[in-house]
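In C-alpha cells, one chain follows: the form predicted on its own.
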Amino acid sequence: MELKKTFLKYFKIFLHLQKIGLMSRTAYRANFFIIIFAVLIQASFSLIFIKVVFGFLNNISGWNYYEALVIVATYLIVEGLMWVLFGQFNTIVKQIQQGELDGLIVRPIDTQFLVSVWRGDSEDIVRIITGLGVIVYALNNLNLTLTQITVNSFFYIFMLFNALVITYSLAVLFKTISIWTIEARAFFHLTDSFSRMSQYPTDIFYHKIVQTIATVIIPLFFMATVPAKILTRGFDLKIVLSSFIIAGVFFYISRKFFQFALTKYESASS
C-alpha cells in the first residue's frame, strides 16, 4: 500500500512537471511549431543517410535496408523518449549555476527524480512518432509472419525499456560531472556522440576490443541494435538476459555516482 502511494505521488509530480513544460513550450506557438519542424528535419537526416548508404550496398554487416531502418527507428524512439521524459538530463547545469539545485535537494522528493523530470521537451514526441512510423513501414517489407511480429514486438518493448535505462544512465554519469565542473559541455557532446553512434548496426565494429567497449563499457550494442535484432530476427535468451543485466548495472552505477556527487556539492550560497 505504501509503495503504491509513493508511486502515485511521484507519478502526479511527473505529470505536473510535464504539464508545466508543455505550457511553457506552447506559450509561443510559432516558435513551438518551428522547433517541431526542426526536430522532424533532424530525424529525417538519419533516414536519408541510411537510404544513401544502401544505394551503394546491399547490406551492412548482415543487416539489410529494412532491418537497418528498424535500428534507426529504435534510436529515434529512445532519443525522443529521453528528450520528452527527461530533457536529456540537461537542466542540471542551469540548476547548479543558478542555485536551483539547492532548493531541490531539501525537498522531500528524491533529488535525482526531480532533476531528471524537471524539464521535458514535448516537441520531441515527433521523434517517437517518426520512429514508430518507420518501424511499421520496415516490418511491412520484411518477410515476417503476423505471429512473429506479435511475439517479437512483445520482447522488443522490454528491450526498448532497457535501451532507455542505459541511455538515461549514461546521461546521468556524464552530466553529473557538472557538479564539480559547473560547465561540462564537452561531456554533453560525448553523450550525444555515443547516442548517435547507436543508430548504426554495431556489428560494423569487427575488432574485439572495440566490440567489448561497445558492449560493456559504453553499451552502444544494447541502445538500438539489440532491440532491432529482437524485433526483426526473433527472441535470443542470451541477448535478452544480457540487456537486463547491463541496464541494471548501469542504472545502479549512475544512481550511486549521482548520490556520491551530491555529497560533494557546494551550494550556490557557499
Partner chain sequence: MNKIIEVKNLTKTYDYFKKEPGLKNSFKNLFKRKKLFKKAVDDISFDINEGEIVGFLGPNGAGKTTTLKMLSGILTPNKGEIKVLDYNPEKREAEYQRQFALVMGQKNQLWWDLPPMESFLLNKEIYGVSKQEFTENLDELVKALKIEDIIDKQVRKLSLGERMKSELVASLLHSPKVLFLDEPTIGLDVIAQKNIRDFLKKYNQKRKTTILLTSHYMEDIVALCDRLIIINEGKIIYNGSINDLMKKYAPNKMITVFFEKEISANELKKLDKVYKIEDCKVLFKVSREEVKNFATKILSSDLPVKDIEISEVDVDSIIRNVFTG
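Values in this document were obtained by computation on a predicted structure and should not be read as measured data. Numbering follows the first chain given and starts at 1.
FYI, the form predicted in complex with its partner chain isn't displayed, but the following is about it.
Among 151, 132, 105, 142, the residue placing a heavy atom within 4.5 Å of its partner chain in the predicted complex is 105. The stretch from 155-163, 134-142, 107-115, 70-78 that comes within 4.5 Å of its partner chain in the predicted complex, counting heavy atoms only, is 107-115. Contact check for residue 255: no non-hydrogen atom falls within 4.5 Å of its partner chain in the predicted complex. At a distance threshold of 4.5 angstroms between non-hydrogen atoms, residue 27 is in contact with its partner chain in the predicted complex. Its partner chain in the predicted complex is approached by residue 98, whose closest heavy atom lies within 4.5 angstroms of it. Contact check for residue 249: every heavy atom lies farther than 4.5 Å from its partner chain in the predicted complex.
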